[in-house]
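We begin with a single chain expressed as structure tokens, specifically the form predicted on its own.
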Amino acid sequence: MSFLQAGNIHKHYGGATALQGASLQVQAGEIHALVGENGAGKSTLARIIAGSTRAGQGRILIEGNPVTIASPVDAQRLGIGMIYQELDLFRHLTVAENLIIGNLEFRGGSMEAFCHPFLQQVGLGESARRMVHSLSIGQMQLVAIARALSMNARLILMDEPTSALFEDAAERLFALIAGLKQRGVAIVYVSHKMDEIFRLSDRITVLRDGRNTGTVETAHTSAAAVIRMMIGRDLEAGQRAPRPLGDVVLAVDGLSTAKLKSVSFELRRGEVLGIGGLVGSGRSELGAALFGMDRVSAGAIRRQGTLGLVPEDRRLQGLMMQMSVAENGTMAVLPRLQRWGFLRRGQELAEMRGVAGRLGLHCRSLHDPVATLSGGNQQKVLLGRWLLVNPDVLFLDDPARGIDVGAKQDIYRAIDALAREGKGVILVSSELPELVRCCDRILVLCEGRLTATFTAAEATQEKILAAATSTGGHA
């Protein structure tokens, strides 16, 4: 008998349909991958099972018994926990407070003592008393994973759990998942990373446009077959053509901040420069320093023209979630859209339609709140904002984090096009294949220091990991 059976699940958001009769069956001790393009309904289905969203129609059985899951507390009582893609942490509280708030397993006593084993399991070396807002996105992801482990669930839904984790933290999570499976805990693993899906899962359920397109045994299918089920076509193949490089557009010499330690490099026009490193290595802090958000204590930054930044946390740092798609996309170019102090709405929509077409942005209307879009389309809105600005240097902090394979292709094409236009692009990524695919060179940071520089042809996973874990590498 299945541990979980969710059948004929429907969900509408206003005029938009998220789920149209979707279903999911999960066995005890099974790792079940749930995949699909952004907007296919994966996260909505997971949130309904976890009690954070109410279905419009459908039913859920736990061990054959019908249940009503009206809240996350109901789900927790049934042995269901969830790790959300858009982290649902209380950033003004401590790590310990985030783990124990609403946690039925915490029955009093020392919060730090309760939290310690779960923080150790995920490899988070920070104090349980540290404020969550002071952590990086990757560290926050580990807090969310630790919280789910602390709830002693029999079914854990994981929505893009490695989206902000580098190789070492991801490997630790995979070991945790294997241990949970041995204990009979079921995992619903929502991810766009095919290598993880085929490494971890027993079965794969595919959604497209809110409907099931099939459930297959992982051992009896292929990544290409699953992608066809997801997007209805094969992905484009072929190698990226070489890009000509121009003059130096950005020179950084001995840059030091509270996190960075004497970092130096150059970026040329037409170049995509990758930044690799473990969580907390200083990747995001480099963008903050270049953009003037972190105080620079030493060093020099010389650049030609303007700089744009697509931040790591698109919801908190990048987008105004209740503003429209058009308003979010054009907010950085409002002066040129105004006449006599009034915004020319026609020009605003025309410019936004142009970048929407360029990026493959899918939305019902440019007037809709950006919060109604899928994660991949939200990221395209944020990237579109900087296409309208047309900067000379663009710092992209994990721009493909948590988005589907089709949307990733659109982002990669946009990065290549920007470089071919003579822009200098800095690409931070937690995924080695992404760095190798997109970049001309890759810099590796460890504890705020630059420890290695590789061409894409030279880079291997072993070399990057060695440089990311040792301050004694070569630069």
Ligand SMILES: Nc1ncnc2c1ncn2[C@@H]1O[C@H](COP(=O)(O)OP(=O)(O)OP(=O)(O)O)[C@@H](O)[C@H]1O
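Just so you know, these numbers come straight off a predicted model, no measurement behind them. Just count from 1 along the sequence shown to find any residue number.
The form predicted in complex with this ligand exists for this protein as well; it is not shown, and the discussion that follows is about that form.
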Worksheet item: Is this ligand in the predicted bound form near all of 136, 192 and 278, within 4.5 Å of a heavy atom of each?
Response: yes
Discussion item. In the predicted bound form, is there a heavy atom of this ligand that lies within 4.5 Å of any heavy atom of residue 373, even though the partner is absent here?
Written reply: yes
Discussion item. Just checking whether residue 41 would be counted as a contact of this ligand in the predicted bound form - the rule being heavy atoms within 4.5 angstroms.
Written reply: yes
Worksheet item: With a 4.5 Å heavy atom cut-off, would you call residue 449 a contact of this ligand in the predicted bound form?
Response: no
Worksheet entry | Contact test in the predicted bound form: residue 282 vs this ligand, heavy atoms, 4.5 Å | yes
Worksheet, complete the sentence: in the predicted bound form, the residue from 441, 47, 437, 408 with a non-hydrogen atom within 4.5 Å of this ligand is 47
Practice prompt. Consider the chain as shown here, without its partner, and state which of 464, 24, 9, 18 has a heavy atom within 4.5 Å of this ligand in the predicted bound form.
Written response: 18
Response to the item:
Within 4.5 Å of this ligand in the predicted bound form by heavy atoms, the stretch out of 68 to 76, 365 to 373, 173 to 181, 332 to 340 is 365 to 373
Worksheet item: From first to last in sequence, which residues of 243 to 260 have any non-hydrogen atom within 4.5 angstroms of this ligand in the predicted bound form?
Response: 259
